[in-house]
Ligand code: GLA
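First, one chain by itself: the form predicted alone, in structure tokens.
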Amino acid sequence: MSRCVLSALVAVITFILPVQAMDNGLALTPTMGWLHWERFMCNTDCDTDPHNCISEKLYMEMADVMVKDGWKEAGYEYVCIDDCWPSRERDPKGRLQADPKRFPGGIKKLADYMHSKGLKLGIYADVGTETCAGYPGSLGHYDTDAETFAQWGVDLLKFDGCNMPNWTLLAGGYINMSIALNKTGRSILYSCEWPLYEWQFHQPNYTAIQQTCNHWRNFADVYDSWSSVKTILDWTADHQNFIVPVAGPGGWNDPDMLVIGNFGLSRDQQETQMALWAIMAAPLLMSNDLRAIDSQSRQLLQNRHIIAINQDPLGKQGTRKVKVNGFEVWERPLSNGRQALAVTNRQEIGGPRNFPLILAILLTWKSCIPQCNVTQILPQYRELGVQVLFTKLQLPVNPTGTALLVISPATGKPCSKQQSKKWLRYLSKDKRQREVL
């Protein structure tokens, strides 16, 4: 810390209670992988659409591409089945079974195939009587289904919340499946939709959720549209005081799938989704067709600088800090005293607009005593060099686009007397005044 600041700061000690996340040793950083639902939905017509139907062929082909085209190397390791994989009936012993026509080798064969590629397999089930698409649910079968998934070699369970006879049974159902999974002795990452289905009735018990699940959906399904992505971002920011404190290694808020590489988002909007999912420490579960993805989308999804923000070992979720003049500023603390900063232009008219960034008015100022190094990650990588607190950076941001930065501490000379006086005037203002500067 600079000598000029030491004389101005009053020591403030903040006690932060550790997050009591689910203790199964999994999801110490946000999960990365591929999930079929948004792109392929419940397409079971393999007679007329064999290339895109929900079948073992689809997942094997995605696994092959993930290895061949660098997805696995970038960190994407789970290939996840969503709804519509089972038979309509359980087997004579009451166990779930894969549709024999679409999965002739069964789920065990599929899991073995993923493991042979160095990947992991995720599967889908539901806490209620039926899945959302009407296939057999797990209510009354939690232990049996957990044992079945473990025997098959499944590595992740996405547990939906449709068709529960009474919403007050949701918590017990999710907790019982968590217990059942742990009893199997197999490491199975547990992805819950518990709070999503409780918010319509009351504020969910996030303390219980974080002790039960590795990540959890809070809000509606993502669609392949900017309107959908905006709505998710707005809900997350509006509820960040409830949901951010419970996120951390072992348990994460899940804003749903990345739809980058599909049809509905512009280039700038794709960059915004990727940047803010990284800021939110969100699971990066793509739903797209990796067999035919365009090169720009692939480069964005595999951008190692953005992935490094998402996977930062400090494990703190970022928050929206500022809304001003059609811009939003989101910040996320990173390891080694660094900060990630995202500036999003929420206007949907006109051209690029400059955002005047003065580091001293942001929480990131602690990284910049006496100076800091600023690196822009999006929309293109560039080193902005060493900056001091009151340097004004002009960030051009396209409509619906985002400028993503990483701010790192940098050593430097102590402040001059004039700088010290400026610091004292700044620190003498209350927080509200500083935010207006």
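Just so we're clear, the structure is a prediction, and the values are computed from it rather than from any experiment. Numbering starts at 1 and follows the sequence shown.
One more form of this protein exists, namely the form predicted in complex with the ligand; it is left out here, but the text below deals with it.
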| property | result |
| --- | --- |
| Touches the ligand in the predicted complex: residue 37 (any heavy atom, 4.5 Å) | yes |
| Partner contact for residue 221 in the predicted complex: the ligand, 4.5 angstroms, heavy atom | yes |
| Exercise: residue 158 in contact with the ligand in the predicted complex, heavy atom 4.5 Å | yes |
| Residue 133: touches the ligand in the predicted complex, heavy atom cutoff 4.5 angstroms | yes |
| Interface stretch in the predicted complex with the ligand - options 315-323, 139-147, 283-291, 190-198, non-hydrogen atom within 4.5 Å | 190-198 |
| In the predicted complex, the one of 338, 217, 102, 120 near the ligand [non-hydrogen atom within 4.5 angstroms] | 217 |
| Contact assignment for the ligand in the predicted complex, among 355, 206, 152, 124, heavy atom within 4.5 Å | 124 |
| Residues of stretch 61-82 in contact with the ligand in the predicted complex (4.5 Å, non-hydrogen atom) | 82 |
